[in-house]
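Below sits a lone chain in structure tokens, taken as the form predicted alone.
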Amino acid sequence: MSAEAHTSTEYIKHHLQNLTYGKLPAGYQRYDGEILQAKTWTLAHSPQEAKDMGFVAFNLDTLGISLVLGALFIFLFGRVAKKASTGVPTGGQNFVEWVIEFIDNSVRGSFTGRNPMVAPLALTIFVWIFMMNFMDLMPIDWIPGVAEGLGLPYLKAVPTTDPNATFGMSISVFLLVLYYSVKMKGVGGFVGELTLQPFGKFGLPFNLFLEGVNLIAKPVSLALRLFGNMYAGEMIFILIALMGAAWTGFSVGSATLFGSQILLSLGWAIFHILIVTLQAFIFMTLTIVYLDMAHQEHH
């Protein structure tokens, strides 16, 4: 592998690696050659260290950025709600009312039951995921640069490029679907739905297999769809940044090539705004549909 390719590979790996905090076993040789004398909770300084920490490890950047964005969402919407008036609305109030009306129309169009929790849940999912996705539009080196200045080995800016975050949200939705399925239909009704459809009591094993796969596919598809789209978008931004770095190394036509790279970045960013919004909308809409299915009783 050439030095340039090696550098590019390391750049990509660095920008896609989470800041992981976990426990390494005694006798483990660290990235700098240090051998641990006891089990130690520490930050991973390489992808291999993050892998060796096992399941009980925390991606601090995903947790921190998502919580900060969630708190920002609550603060901004709560502040507008406190200052809301029946007179001439401010720009902030207009925006919040438009978002709430959009969510309300989406819920009314997809949810046929009665549950006062669904609309607030849909609002939270849409805005929170949109804000996390929107972090993908920040300049690719800003957040890692801040991390480097703070002495941190990694810091990934987009929580939804971490499958732990997307699966966390989708599993939460899945648990709500299970809860309302049992609450609305009863244990017998829920079990009957899994075992008696679509072929009746004589096709019980096939029914259980088909309905079980259909049930499990809901959280998996929710998580992987969001993760896959955002991860691919982040990868393209990184590749565009690498292209710009390579082009500026030419002695002839560097300005033209760099200008082309800026136009390419701008064009992809504008297109990615649609992806950012669409993925938040799809996650929200599927959540509403799944909860609507959980509230419907089949006979």
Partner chain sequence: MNINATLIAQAIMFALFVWFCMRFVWPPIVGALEARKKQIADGLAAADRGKHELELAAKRATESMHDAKVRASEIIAQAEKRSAQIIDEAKNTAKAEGERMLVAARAEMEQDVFRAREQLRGHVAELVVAGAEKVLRREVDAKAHADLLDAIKNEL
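These figures come from a predicted structure and were not determined experimentally. Positions refer to the first chain, counted from 1.
Omitted from view is the form predicted together with the partner chain, to which the following refers.
Interface membership of Phe134, defined by any non-hydrogen atom within 4.5 Å of the partner chain in the predicted complex, is ruled out. A residue is said to contact a partner when one of its heavy atoms sits within 4.5 Å of a partner heavy atom; Met235 fails this definition for the partner chain in the predicted complex, lying far away. The partner chain is not drawn, but in the predicted complex it has no heavy atom within 4.5 Å of Gly267. Contact annotation for Ser85: at least one heavy atom lies within 4.5 Å of the partner chain in the predicted complex.
Of the residues given (Leu43, Met243, Ile273, Leu63), Leu63 alone sits with a heavy atom within 4.5 Å of the partner chain in the predicted complex. Though the partner chain is absent from this view, in the predicted complex it lies within 4.5 Å of a heavy atom of just one residue from Leu121, Leu222, Ile140, Leu155, which is Leu121. Contact check at 4.5 Å (heavy atoms) against the partner chain in the predicted complex: none of Phe111, Phe190 and Met284 pass.
With the partner chain left out of view, the stretch that reaches within 4.5 Å of it through heavy atoms in the predicted complex is, among 123 to 131, 146 to 154, 212 to 220, 195 to 203, 123 to 131. Of the residues in 69 to 93, those that come within 4.5 Å of the partner chain in the predicted complex through at least one heavy atom are, in sequence order, Gly70, Ala71, Phe73, Ile74, Phe77, Gly78, Val80, Ala81, Ala84, Ser85, Thr86, Gly87, Pro89, Gln93.
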